[in-house]
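For reference, the chain that follows is the form predicted on its own, supplied as structure tokens.
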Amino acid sequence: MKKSILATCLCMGLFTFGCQSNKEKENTDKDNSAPIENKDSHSKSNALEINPQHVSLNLEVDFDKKQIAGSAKWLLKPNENTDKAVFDTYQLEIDSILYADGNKAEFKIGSHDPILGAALEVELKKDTEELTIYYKTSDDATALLWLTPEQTFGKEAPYLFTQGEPIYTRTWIPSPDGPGYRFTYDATIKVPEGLLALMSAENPQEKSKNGVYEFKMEQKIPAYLMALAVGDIAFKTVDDRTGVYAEPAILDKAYNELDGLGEMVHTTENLYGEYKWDRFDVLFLPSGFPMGGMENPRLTFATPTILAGDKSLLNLIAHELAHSWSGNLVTGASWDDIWLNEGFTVYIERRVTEAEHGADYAAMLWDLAEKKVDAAIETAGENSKDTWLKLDLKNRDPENAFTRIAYDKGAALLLLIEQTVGRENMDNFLVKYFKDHAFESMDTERFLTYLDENLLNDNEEWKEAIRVEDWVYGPAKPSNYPKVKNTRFEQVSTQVDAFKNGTSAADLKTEKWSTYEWLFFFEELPSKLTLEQMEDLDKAYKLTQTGNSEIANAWFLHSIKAEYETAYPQMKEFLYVTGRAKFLSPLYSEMIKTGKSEMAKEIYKIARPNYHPIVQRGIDGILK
């Protein structure tokens, strides 16, 4: 991908692959292996020896077989005396592998590991720099969710999307599948006529006549950021470098929610430097998408659950946009370093949110985040190493990295640094950090050295106030956990007290409450409300019928606890059409906890096909 829509070579927004400015080449020609010294424990590949440079995909998407088939041609720069190339795979069917001269290469597939999959070992000749792997995906391709027309908004065409993070790209592309291994790619993708294909690359904005699409990603990215979506998808422009993709049935709704997308990009640039990925488009997926969003470069995947109609949930888009700097531009070298992706991104998200909505609004998010950290520590155990920022996930599923520790404890450390050194110093440091390490990978130890040399080195008071190693290599919440004054929640607390003391719901002072004030209100209420209280709240605020997914989720949790059966039909519909794990796990868990296992299983039987395999595994475990 190219850097900026403002670059003259983009020719007024038209896709031009051949031109690249000197400044762009400075960012893309770096040695992508240089920052990485240690092998990724979640990759069986020998990427540090073969130095992958580029992959060319030529694939066909077959909805009838639920299979992707074709080839991946890898361009390598093997170290001297490297006699084999090893790629990560997971249940891929390898048909054959060819050298550049067309001769077949000898290969073998190692033993299957339930987490890591199997190593694909290919014999290298003396001067081998190109290997073309012909393969097919299997039914166990975790990255792929195949949806029937009935599971889409339009109800007329099937849909496919991928989810590569953390190590699922190996289920649809044989690759060095680790966050520290970066390369460029291009692709030719054939799909059924009438459908649009999109990737984390330069994208079309309308359907082709023959179902064949060409893609190019000119900047090096790790495998987990390779993404594909295929469906009845349309596009609407927001400005010269942003736009919205969605099924036609929800395109206008999506556009209306994101018509300020371009301004959000400008806001983030003003804080942390130039946006280097050319375009920032958002694709709203069908409801089976398991996450809030996925920061695929150039094309963020987003859940439709943020389409509340009032722009109240767009901090999620701010989060995915922030990844364009932290995570995509500078990437954690392994999943042990995930806080360098997610903690930085949450911090940037909060700063963008503050710039757009004010400090008092952002303060609510900081407050709620600390509660999530407390809950994560309680779950893991106060002395657990899983509450460190630097994780140790060797021989464990990297999915274990995705807790509020990496996100919110990581962000809190950056907030503490900001409060200690001053905002101007912090912003200057981050701008320099992203510039110095653009399109590189970063591990925790190198970052701490960089932090010391570029910000803290000459000020012992700052070092003592922050005590960074207590955060990175220490459990739970350090004693210097930062605080943010939150007056809006203080006002909500007075209304909670009033409701507890008998004030009717209709008489509470809730005018102009944001989503986050409502979430705090529900958190502060008694764990189990009476039916009379539930009816009073529902009558006053129509909570059972809310179109805000965050509020709906909080309300349905209270409904389960209180056995407020009036809300059950709407809750079931919510569970049938919502695939977001953040909402599903708490609701199913609460049904089991409160003796409603039969209801949970009945709902799940209908809803399960709409859930991503990642989510299915989680709910299967809850209901076992």
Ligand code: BES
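Start at 1 and count along the sequence shown; that's the residue number. What you see is a predicted model, and the numbers here were worked out from it, not measured in a lab.
A second form of this protein, the form predicted together with this ligand, is not displayed here; the remarks below concern that form.
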This ligand in the model of the complex has a heavy atom of only one listed residue within 4.5 Å, and of Gly293, Pro482, Gly474, Gly260 that residue is Gly293
Pick from Asp281, Glu349, Asp278, Asp337: which residue has any heavy atom within 4.5 angstroms of this ligand in the model of the complex?
-> Glu349
Would you please decide whether Tyr272 lies within 4.5 angstroms of this ligand in the model of the complex, comparing each non-hydrogen atom pair?
-> no
Is the gap between Phe161 and this ligand in the model of the complex 4.5 Å or less for some heavy atom pair?
-> no
Looking in the model of the complex, any heavy atom of His42 within 4.5 Å of this ligand?
-> no
Indicate whether Ile377 is a 4.5 Å heavy atom neighbour of this ligand in the model of the complex.
-> no
Determine which one of 313 to 321, 444 to 452, 504 to 512, 89 to 97 lies within 4.5 Å of this ligand in the model of the complex, judging by heavy atom distances; exactly one does.
-> 313 to 321
Quick check: do Trp146, Asp232 and His612 each get a heavy atom within 4.5 Å of this ligand in the model of the complex?
-> no
For the heavy atom contacts within 4.5 Å of this ligand in the model of the complex, list the residues of 148 to 176 involved, in sequence order.
-> Gln163, Glu165, Pro166
